[in-house]
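Take a look at this single chain, the form predicted on its own, given in structure tokens.
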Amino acid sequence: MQRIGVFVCHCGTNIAATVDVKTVAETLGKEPGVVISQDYQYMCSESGQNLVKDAIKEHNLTGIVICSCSPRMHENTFRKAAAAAGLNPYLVEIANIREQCSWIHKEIATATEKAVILGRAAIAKVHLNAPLTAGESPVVKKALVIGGGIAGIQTALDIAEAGFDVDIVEKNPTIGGKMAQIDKTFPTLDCAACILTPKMVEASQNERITIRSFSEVTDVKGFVGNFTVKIKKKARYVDETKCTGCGLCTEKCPMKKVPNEFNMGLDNRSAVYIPFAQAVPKVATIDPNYCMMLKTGKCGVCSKVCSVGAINYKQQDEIIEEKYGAIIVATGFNPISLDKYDEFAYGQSPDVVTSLELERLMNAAGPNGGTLLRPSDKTHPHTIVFVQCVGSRCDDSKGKPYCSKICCMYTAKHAMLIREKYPDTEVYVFYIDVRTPGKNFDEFYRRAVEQYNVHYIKGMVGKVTPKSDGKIDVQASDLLANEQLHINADMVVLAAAIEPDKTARPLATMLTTQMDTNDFFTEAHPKLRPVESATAGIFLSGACQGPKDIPETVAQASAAAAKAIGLLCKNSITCNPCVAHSNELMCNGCSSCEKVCPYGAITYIDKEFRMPDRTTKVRRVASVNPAVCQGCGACTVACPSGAMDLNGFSNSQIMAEVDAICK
């Protein structure tokens, strides 16, 4: 006979403000099998948990229902409390009467009625719950970092420092990411390369770090502690073990009209190239789209001048398979495309540039050697207009609804650098709001206004029009002065919104983790688990989760590393016992479940069955590996014969909940 305890939480006023908690407790106390039902102010508190423990012992409970907040928040908390009192933790059921009830209803009567229904459904499920025992699975003592920007580098260094091997997979020929393209950083205005390059070198020289540059993750299987990952190492057509990075091949290559993506297409490179002087690894790469030898079979100059014989035109892509215990996503960001923003004349005038293009124009290693010149005629600009929030905080159909967070600060940085180096240049900044949330950020912005006399104008730029004399007419509004302005500018700089890297969406599918509507990875909990994904063993580092500046990125990178280290320190982890199993008598061997399983947990075996006439028959049936299964339930939905079921969430349990809701 079932002896069920029901405990209803007030959650302060989060639940009690719209749910009559005492009525819920009294009503559920009358349900069959319930021997105790009571409410408490904060069930998740120590005293609330002690209340549950004491009730389990005093009333010899066989199952408990906690009516509180989301199970994602505190299911593990109450399972531990139950286990401490001697009750199997999987006999605990959570009825979510906060997120699914009190927070979405305004009328107390409606919310109370729904809370009772949710509690009744949980009680119905507890009646059919069975004790489950969690197994253990070994942990592979190695981590994978996807992305070689500053976030990926910092994460890898921290993990390696803790004594674990780590691989960095970077899709570009070198690590460094966007920070490698930046001239100086805010709020200290120190050299970005001076900060980044030592970390790049440290990563390359660390014996526990393997850098897999010019590579991409193509497949991820397995589960927390034991991921199997396939990595495609793209052909460089250069032997990394032989290349010394001397650069002679890049100098002698006759094909020198290739747009230089590192300099945002503002100058050209050769078909064989090293992205920048501090590249790690400093190895040449041949671009097959432009190399005449690879396209026509005629040339071979780079092979002839290479003294170490590193050029290999027959090199092919290679698939590498490795096992990892933890995966850290650090895929970074990109500026959005400005093709839809014709009003700003981007693409119509070479003197209308993005902020990242301005970074390269001002960089000593950039196309102009550090001298700021107009791209159109290589003359010194005397009037520069910055346009803020281009693609940020706007209509979803045209741009991004969110604030890109870093734009206000890097525009202030650009304005200060220009005014400091070129005092004769007037700088105008058109903004909606100036947002400076970081440490010393507001003081930095005030320096731009007060010390460097940058003209900040609250208002929107309506149209940018290139003129026949080479100037650019900027039509804008000054909301504070309530007037329309026309500024005759030499250059216009657009603070373009940032978005996740294009590889993020397909990668999330491979990792079976969640993303938001803007393709940023979603954390398991925004406050309590900010660097973990909802998928166990997958951690988030840097701007893949949302817009971040460098200090915040580095902080999160170290936090993600700490979480990964905590996992890698364990020799084994407790497995989820809520896994699928097959009723072999009902299985028809159709393979539907095998095809939908994202973890590869289902295989098929031939099994002998004894027939009523005492003969034997061999049938093909599904077999589930409980160590690999993560209990997602996809197979139970796909199975046409109803042979697949899920421990803890069986079809009979789900239907019992449905019946309880409908009665």
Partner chain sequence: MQVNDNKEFQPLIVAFCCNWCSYAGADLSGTNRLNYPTNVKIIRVPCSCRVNPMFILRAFQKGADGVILCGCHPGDCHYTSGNYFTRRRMTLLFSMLDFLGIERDRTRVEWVSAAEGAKFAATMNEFTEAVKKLGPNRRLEDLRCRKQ
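In this text, the rigid core denotes the largest set of C-alpha atoms whose superposition between the two forms falls within 1.5 Å. Owing to the predicted nature of the structure, the values given are computational and were not obtained by experimental measurement. Numbering follows the first chain given and starts at 1.
The same protein also exists as the form predicted together with the partner chain; that form is not shown, yet it is the one meant from here on.
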Check, residue by residue, if Asn172, Lys233 and Ala235 all come within 4.5 Å of the partner chain in the predicted bound form, counting heavy atoms only.
-> no
Report yes if any heavy atom of Asp20 sits within 4.5 Å of a heavy atom of the partner chain in the predicted bound form; otherwise report no.
-> no
Heavy atom to heavy atom, is Gly29 within 4.5 Å of the partner chain in the predicted bound form?
-> no
Would Ile209 count as a contact of the partner chain in the predicted bound form, using a 4.5 angstroms cut-off between non-hydrogen atoms?
-> no
Flag Cys662 as yes or no: does it have a non-hydrogen atom within 4.5 angstroms of any non-hydrogen atom of the partner chain in the predicted bound form?
-> yes
Per contact check vs the partner chain in the predicted bound form (non-hydrogen atom within 4.5 angstroms), the hit among 611-619, 54-62, 627-635, 39-47 is 627-635
Of these, Lys471, Lys142, His127, Arg72, which has a heavy atom no more than 4.5 Å from the partner chain in the predicted bound form?
-> Arg72
Let me know the one among Trp103, Tyr402, Tyr341, Phe444 whose heavy atoms come within 4.5 Å of the partner chain in the predicted bound form, would you?
-> Trp103
Could you list which residues of 649-663 come within 4.5 Å of the partner chain in the predicted bound form, counting heavy atoms only?
-> Phe649, Ser650, Asn651, Ile654, Met655, Glu657, Val658, Asp659, Ile661, Cys662, Lys663
Is Phe520 one of the residues whose Cα moves 2 Å or more between this form and the one not shown, with the core superposed?
-> no
Does superposing the core leave Ser349 with a CA shift of 2 Å or more between this form and the one not shown?
-> no
Once the two forms are fit on the core, has Lys114 moved its CA by at least 2 Å between this form and the one not shown?
-> yes
